[in-house]
Every structure is written in C-alpha cells, then in structure tokens.
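Here we start with a single chain on its own, the form predicted alone, put down as structure tokens.
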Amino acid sequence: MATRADNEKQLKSSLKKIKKEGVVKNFINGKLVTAVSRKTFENTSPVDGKKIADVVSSDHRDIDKAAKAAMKAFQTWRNVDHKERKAILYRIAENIEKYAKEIGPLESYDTGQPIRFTKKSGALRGPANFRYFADKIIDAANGLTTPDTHHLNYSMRQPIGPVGIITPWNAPFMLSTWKIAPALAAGCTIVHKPAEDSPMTAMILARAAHEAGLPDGVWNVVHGLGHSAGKALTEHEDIKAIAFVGETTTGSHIMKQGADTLKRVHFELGGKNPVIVFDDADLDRALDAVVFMKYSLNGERCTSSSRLILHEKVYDKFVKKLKARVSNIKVGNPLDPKTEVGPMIHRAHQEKVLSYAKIAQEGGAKLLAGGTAPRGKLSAGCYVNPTLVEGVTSKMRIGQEEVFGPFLSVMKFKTEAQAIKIANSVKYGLTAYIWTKDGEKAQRMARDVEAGMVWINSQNVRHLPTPFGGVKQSGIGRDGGDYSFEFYMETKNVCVAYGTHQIPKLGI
C-alpha cells in the first residue's frame, strides 16, 4: 500500500505537470483549447487552501463548439461496429488503470476525499464501469418481438444522440465513468461538464479515452461555471439529453432550462436517507454499517444514511457505542491512508456543515460529538469533526434538510408504523437501510418505505446490473444495466405485415 509520502510524491509530480501546462483547458473535437473568452477561474484545494490551477471558464460559445463536434461525430460513432466499440471501451478501462496512481492523489487533493476511497475510483470502480458496459454493447440495441395474428412487431433501441453529462464534486472521477461508459456503449457522443469545484481528474479520463482510440468529437470536456457553461449545455438544441448528478434545486433549474428543447433528463439528486435499526437486529454489524454509511467519503455522498432511526429498546446501548466510534474517527490529510474523514469541498461548505450543529441544538437536539472544526495543523483546511446529534424529530430542520457532511442525526421509534412515518417524512427518497433478523418485517419495511433503493442488513453495496436512482425529490430515472440504455437510447417499433390482413377501402 502506498504511504502518505508516496502519495505526496505522486501529487507533486501531477501538480508540476499541471503548472507546466499553464491552465486547465477544454478538450473539444480531439484538441486542447482555451475558452473563447480567455477567462479562467481559480481552483484551490480544500486540504490547505492552496491554488491547484487556473481553469478555463467557458460560456455558450465553447459549448456550441463542443455540441457541434459531438453532433458531427455522432453520425459516425453510432454506426461503429459493436466489436470495435467494445474494444475501445476495454482499452479505456486499461488506460484508467495505467493512470490510477495519478488519479487517486490528485482527486484527494482536489476534493478532500480520503485516498482510501479515491484510489478505488481509478483502480477498481472506473475500469469496472467501462468493462461492464463494454460487455453490454452487443445487447444494447435489443428490443422485444410482439407478434399478432397478421403482423410481426419488433422493436430496437437506437442511440438518442449527443448528450450532456454534468458531474458533481463529491466523487467526480467514478461518477463520470458511471455516466459516460453507458452513453458511449449506447452509441451516443458526449459533452462533459465537470463540477467547477473538482475539475482536475476529468482531463485524465478524457486523455485515457482518446489514447484508447476514441474518435475525435465523441468525448468533449468543457470546463466552466454552472450559470454559464452549465446553463448553455442544458439549453443547446443539439444536446438531446442531460444526465446530472447534484443538488435538487439545481436539478429543478436544469429541467426548466431544457424544457424549450424537450430534453430528456436523468437526475440523481439529494437525499436524507434513513437507516432503521430494530431491536432484533445484529447490532454489531448494524453499528459498523451506520458509521460507514454516514462518515465514509466525508459524509458527502447522496446515499449516506444521515438519519439513524433506532428502536427504543436498544437506543441507549446503541447510542453509547455509536458515540465512542464517532469520536474515534480519524480526521486528517486525505493523502494519508490512515485518514477516515478529510476536509469538506470548500470553505463555504465547511461553514454550512458546521452551522447545522448550532441549528440542531437551537431546535432542541443534543450534540454528542463534533460540531467543531479541528484546530492546529488542520485549521488551514476545510475540516469538520465527525458530528453526532440525538433527540432529533421530523419537525426539526435537522430532521428534514440535507447536510451533506459527516453529520448523523439519531431518532427514536417504538413501532413499525412509527419508523415508516419518520422515514417517509422528508421530501427525499433515494435510499433506505433496514436492519432486522425478521424476514417478513424486513419485506414489509422495504415495501412501505419511500425510496428508490433499499438495502436489508447491509450497507450500500453497488451491483452494476441493478437500477440506481431515487423517488420524490431525489431524482428521475435509473442508472445501471439496461436501465442506463433506456435513458441513452430511443425505442423504435417496426411492424411487418404477413399480407393476410384486411385493408379498408375508400373511394371505390
């Protein structure tokens, strides 16, 4: 395993390369280009506040160039033989593995995510996404055969066209591969706008793709701010669909912006996810899962179990153990393999997360751990000590609003009905986690909880063929397996007559 010194050495090499290039550019039609406006914005690290690089700040003119390149390339890419397309996606996976040592440290420094998670994005998760969808290419166009007495009907799926992909700052590399791999497998071309707060690994990914033989214009990367580059992408008439991962309010804006061009949208949005622990659960395993699902990835994950709903019989015992575990979580430099929680993405987000400790207490909740920023060497970064509050109710702000940080709220219930009422009391519905040894009860809870995904006696374990997505204000659409192709492809029905049916006659 690489040490902190190893990771810092690799990061230094990456930063030296970035500095030599001068500015992080767009990648349009196979070429690195500056923004038409020549404007840039500064990207800084949440680890120490230091500047990483200047990044081009694009607008509608850059988006137009990228969209037109994607539209032109689509006419060719959609017809590329499936074996060739599969081979390219496999080579992309191999190239991601080649760049894995570079990806992990740079993403950790750019986002604040601990290296224990970012290294998996490059070495495991990213390549797995490309290989999985590469293997699905042969079946992507398959539809159904639906014959009747006088006709044969069959359907096929065809790529929808150029698509816009807007990725978030919390797990940018992995989530980019998650969206882009099925789009390419489907035969679509891409205009990718990375989040402005974590743009650094997007170009490594694009480079890996084009070194794998991906034709010019198939994959374009345009950097910029949401209100300029993002808005222009969602409004461009050549972009047929928008896949977006991010905050719910932004998703609403994108939906409005794409309305005039009738864009198809796929949204993975916010969450205020419940983990319900019954008194008959395996409490030790449940405790491990609760801590992992809230405090891993800095708590900056849409699927985190941010509301712990505990049965009253095990409440005191469970909370006592939970407090000890939370207080023992190692906060530190994300390049250190021992670090479990790194800094928040930027100073404003750090302040937001910290503010919820005060909001919780003003609402009547009790602070059990955290709620402060570390002092000393870490004070230069955007760190938050892992936070735990109890005595939370659904009427409190802390019981309703998404904090998106290492912040867990504990609630109490007595009956199944109470647990479901608490779980469903928010506007979100992404995931839910149920802990009980009673199989019938687990099934009832899974049926009644308002969530797009439910895990029983488990943390979030991603299986690529399964549908991933939420209900209510947590999103629209599903990722994974054939569900991804349903978004990136159009279904066409073809009806062929046997020549035996009656045709009505007019004008005889």
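What you are looking at is a predicted structure, and each value in this text was computed from that prediction instead of being measured. Start at 1 and count along the sequence shown; that's the residue number.
There is another form of the same protein, the form predicted together with nicotinamide-adenine-dinucleotide (NAD); it is not shown, and what comes next is about it.
Novice: Closest heavy atom of H150 to nicotinamide-adenine-dinucleotide (NAD) in the predicted bound form, within 4.5 Å or not?
Specialist: H150: no contact with nicotinamide-adenine-dinucleotide (NAD) in the predicted bound form.
Novice: Is there a heavy atom of E247 no more than 4.5 Å from a heavy atom of nicotinamide-adenine-dinucleotide (NAD) in the predicted bound form?
Specialist: Close contact exists here: in the predicted bound form, E247 approaches nicotinamide-adenine-dinucleotide (NAD) to within 4.5 Å, heavy atoms only.
Novice: Give a yes or no for E107: in the predicted bound form, does one of its heavy atoms lie within 4.5 Å of a heavy atom belonging to nicotinamide-adenine-dinucleotide (NAD)?
Specialist: Heavy-atom contact with nicotinamide-adenine-dinucleotide (NAD) at 4.5 Å: absent for E107.
Novice: Does E416 reach nicotinamide-adenine-dinucleotide (NAD) in the predicted bound form, with heavy atoms at most 4.5 Å apart?
Specialist: Flag for E416 set to no.
Novice: Consider the chain as shown here, without its partner, and state which of I398, I254, L354, V163 has a heavy atom within 4.5 Å of nicotinamide-adenine-dinucleotide (NAD) in the predicted bound form.
Specialist: By the 4.5 Å heavy-atom cutoff, the listed residue in contact is I254.
Novice: Quick check on this chain: which one of T201, T234, N129, S409 has a heavy atom within 4.5 Å of nicotinamide-adenine-dinucleotide (NAD) in the predicted bound form?
Specialist: In short, T234.
Novice: Given a 4.5 Å cut-off on heavy atoms, tell me which of 85-93, 190-198, 288-296, 308-316 is the interface stretch with nicotinamide-adenine-dinucleotide (NAD) in the predicted bound form.
Specialist: Among the candidates, contact is made by 190-198.
Novice: Could you list the residues in 164-188 that come within 4.5 Å of nicotinamide-adenine-dinucleotide (NAD) in the predicted bound form, counting only heavy atoms and keeping sequence order?
Specialist: Read in sequence order, the residues that approach nicotinamide-adenine-dinucleotide (NAD) (within 4.5 Å, in the predicted bound form) are I166, T167, P168, W169, N170, L175.
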